[in-house]
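Just the one chain here, laid out as structure tokens, in the form predicted on its own.
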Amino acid sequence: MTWDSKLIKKAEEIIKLYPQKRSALGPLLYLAQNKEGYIDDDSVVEISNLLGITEVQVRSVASFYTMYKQEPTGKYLLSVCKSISCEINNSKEVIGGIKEFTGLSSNETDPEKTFTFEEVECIGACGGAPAVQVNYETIEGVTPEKALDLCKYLKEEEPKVIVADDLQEKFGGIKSFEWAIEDNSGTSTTAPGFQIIGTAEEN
């Protein structure tokens, strides 16, 4: 068993939220990613046992959705939208600047394990294009200059918890709409920060 008793207990709490065990597969995969930074083989076995499904069924979901990572990532996953709204608002220059700063092409991780970079399709922030995510925390209205400032900040300051509100204030511009509720929770891993499944952390 590679999951400790605390993680098993959290998984069992999540499973109880669903009428069928197997419906908890998505959240349990995020628990696994929160633990290791990606979906490792041991977690596939644990999840399979917890849900009473085969390892192949677990892997089929984990490998289908791009937000579930199959390989170790850097501390900071930089995702830049390349869909039409972001592209017409200069995401190409944002992508180019991040690639130059990190020395990475899409889906690569640097040797120091600081950054993983990826070009992604729409992340649902078209009104605040171009949009960038750090560990799935969204920043809208990012200019090429601010993208470089963001990279420098992450590399030099090494923040433990990534919070969208903080990053938006420091590096963002025009937003899709005014965010109604101030949120000081975020994530310290490449698993999205969901409070209900225990992957969120307070800044």
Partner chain sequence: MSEEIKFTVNGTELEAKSGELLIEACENSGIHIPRFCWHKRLEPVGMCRMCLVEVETPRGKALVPSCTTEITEDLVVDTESEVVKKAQEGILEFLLINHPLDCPVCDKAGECPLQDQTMAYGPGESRFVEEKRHFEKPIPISEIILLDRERCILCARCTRFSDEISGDPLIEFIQRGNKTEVNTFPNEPFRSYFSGNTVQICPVGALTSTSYRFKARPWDLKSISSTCNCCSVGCSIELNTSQNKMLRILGEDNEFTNQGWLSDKGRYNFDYLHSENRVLNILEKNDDSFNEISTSEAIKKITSKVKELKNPNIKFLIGSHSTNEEYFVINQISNHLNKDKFLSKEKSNVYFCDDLLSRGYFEEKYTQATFEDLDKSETIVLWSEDIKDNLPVLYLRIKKAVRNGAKLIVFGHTNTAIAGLADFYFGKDVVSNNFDLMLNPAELKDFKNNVEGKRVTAIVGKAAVSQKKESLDKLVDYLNEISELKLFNSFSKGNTFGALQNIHEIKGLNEFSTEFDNEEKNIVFTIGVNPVNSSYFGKAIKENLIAADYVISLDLFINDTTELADLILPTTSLGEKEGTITNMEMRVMKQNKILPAPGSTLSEWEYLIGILNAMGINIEYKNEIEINADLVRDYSDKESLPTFDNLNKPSNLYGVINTKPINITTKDLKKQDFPLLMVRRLYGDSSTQINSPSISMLGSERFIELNSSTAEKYGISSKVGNFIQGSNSISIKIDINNLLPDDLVIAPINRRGFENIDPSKDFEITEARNREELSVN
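Residue numbers count along the first chain shown, from 1. Fair warning: this is a prediction, and the values are worked out from it, not measured in the lab.
The same protein has a further form, the form predicted in complex with its partner chain, not shown here; the description that follows concerns it.
- In the predicted bound form, Val45 approaches its partner chain with a heavy atom inside 4.5 Å.
- The closest non-hydrogen atom of Asp149 lies beyond 4.5 Å of its partner chain in the predicted bound form.
- Interface membership of Arg59, defined by any non-hydrogen atom within 4.5 Å of its partner chain in the predicted bound form, is confirmed.
- Interface membership of Glu55, defined by any non-hydrogen atom within 4.5 Å of its partner chain in the predicted bound form, is confirmed.
- With the partner left out here, its partner chain still marks one of 153-161, 47-55, 166-174, 29-37 in the predicted bound form; by a 4.5 Å heavy atom cut-off that stretch is 47-55.
- Along 71-105, no residue reaches a heavy atom to within 4.5 Å of its partner chain in the predicted bound form.
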